[in-house]
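Next up: just one chain, as structure tokens, the form predicted alone.
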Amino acid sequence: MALTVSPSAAAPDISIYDRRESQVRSYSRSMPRQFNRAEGVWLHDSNGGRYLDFLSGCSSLNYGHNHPVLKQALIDYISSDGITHGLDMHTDAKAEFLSALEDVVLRPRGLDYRAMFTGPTGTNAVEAAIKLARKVTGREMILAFTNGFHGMTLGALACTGNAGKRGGAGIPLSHVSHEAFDGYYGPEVDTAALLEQRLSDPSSGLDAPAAILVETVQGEGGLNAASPEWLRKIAAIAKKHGALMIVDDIQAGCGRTGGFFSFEGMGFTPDIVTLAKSLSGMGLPFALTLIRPELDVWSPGEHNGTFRGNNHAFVTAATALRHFWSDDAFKGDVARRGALLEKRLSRMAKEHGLTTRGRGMMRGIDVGSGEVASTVTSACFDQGLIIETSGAHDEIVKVLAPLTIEDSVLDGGLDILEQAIRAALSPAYGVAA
């Protein structure tokens, strides 16, 4: 289909950013436009350009930009002078969110978790999870995995594998051991068995862990998807050795991989789950650490955050849960689109002898190097498609389209991606085009 994308020909004046914003900025370097409006799957810039968004705020906008149902709920709440900032006080908005969480998410899945409201970003949820695991077990060691990403504050960063990110800490990042993720040494090596051997050997040098922290699909690490069998083994290993199992569902959760949680139907139940990104449904800062009730041993105020009471996010989150997750219709839509995405990416990969990664609507294609991936994403941006990379060498072109995208629009965006990959890997085609 012919998409109504219309990228701007010229970049805006960015002198204010060069003059006043830190050099730490990143996305704006590969997308040099000034955006001013968004709806659904579309982003608009200040020069009238229109772009199809396959980034979705790095999976913070699973329901698209300014979804009308969520937007209206927030407008109504603000118009009624509803509480904006509430610390951890009781509010109508928080009660409604907790009720929606209980009614729509937890009870139908047979789950029993206490909700711990942390600071407003995913790294805050991870910090709370690992701090609680250490408090409950009396141990210090956290087991994380190769290529894992869990946040940029020091505790979460210690659990992150990426050397570039870790290098920004400026101090040693300790009390974490990075074990081999599923498939790290190839499909023939059972890394769960290797971990069990290490933990069972008193001479391995590996201290007894407080927790095992894992992403079922590694978002920033290259869309590596763990098998259900491997995850069940890890859960059993954690239980056997007295550790808590923490699933970091910050990017893979809220429907991105199919179910509301990425571990649904896999035959294990985590002790702790971290959520953020699309939890608010609308891009509002909101992070949550879900913990089994018997693990809730906090003293009042022992862990907190000034913005743990973002009531605007409670409003949109509760509305999103009831609107999208009260039945299986939305889940079915995501499954259909995930199958379409898998089919298209597999076709692209086959044409060039490449491989695909991921699960559900969290998928990508390994184009071999960060240089090629950058060429692909730059070409996509020039054609009006916003898409980014992941992986140890940024070699994975990652598709994180909104889960609400129409099938035909998804297909059209993938046409742009397909052409960009073909041009990058087939020089003769690029000249002809």
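Start at 1 with the first residue shown and count on from there. It should be emphasised that the depicted structure is a prediction, and the values quoted were computed from it without experimental measurement.
From this point on, the text means the form predicted together with another copy of the chain, which you will not see here.
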item: Another copy of the chain contact in the predicted complex: Thr269, any heavy atom under 4.5 Å; value: no
item: Close approach of Glu302 to another copy of the chain in the predicted complex, 4.5 Å, heavy atom; value: yes
item: Another copy of the chain contact in the predicted complex: Leu154, any heavy atom under 4.5 Å; value: yes
item: Touches another copy of the chain in the predicted complex: Gln34 (any heavy atom, 4.5 Å); value: yes
item: Of Gly353, Gly265, Pro202, Pro187, the one that lies within 4.5 Å of another copy of the chain in the predicted complex (heavy atoms); value: Pro202
item: Answer option from Arg232, His178, Lys240, Arg347, heavy atom within 4.5 Å of another copy of the chain in the predicted complex; value: His178
item: Region of this chain that lies against another copy of the chain in the predicted complex, out of 138-146, 329-337, 254-262, 355-363 [heavy atom, 4.5 Å]; value: 138-146
item: Those residues of 17-36 which, in the predicted complex, come within 4.5 Å of another copy of the chain by heavy atom; value: Tyr17, Asp18, Arg19, Arg20, Glu21, Ser22, Gln23, Val24, Arg25, Ser26, Tyr27, Ser28, Arg29, Met31, Arg33, Gln34, Phe35, Asn36
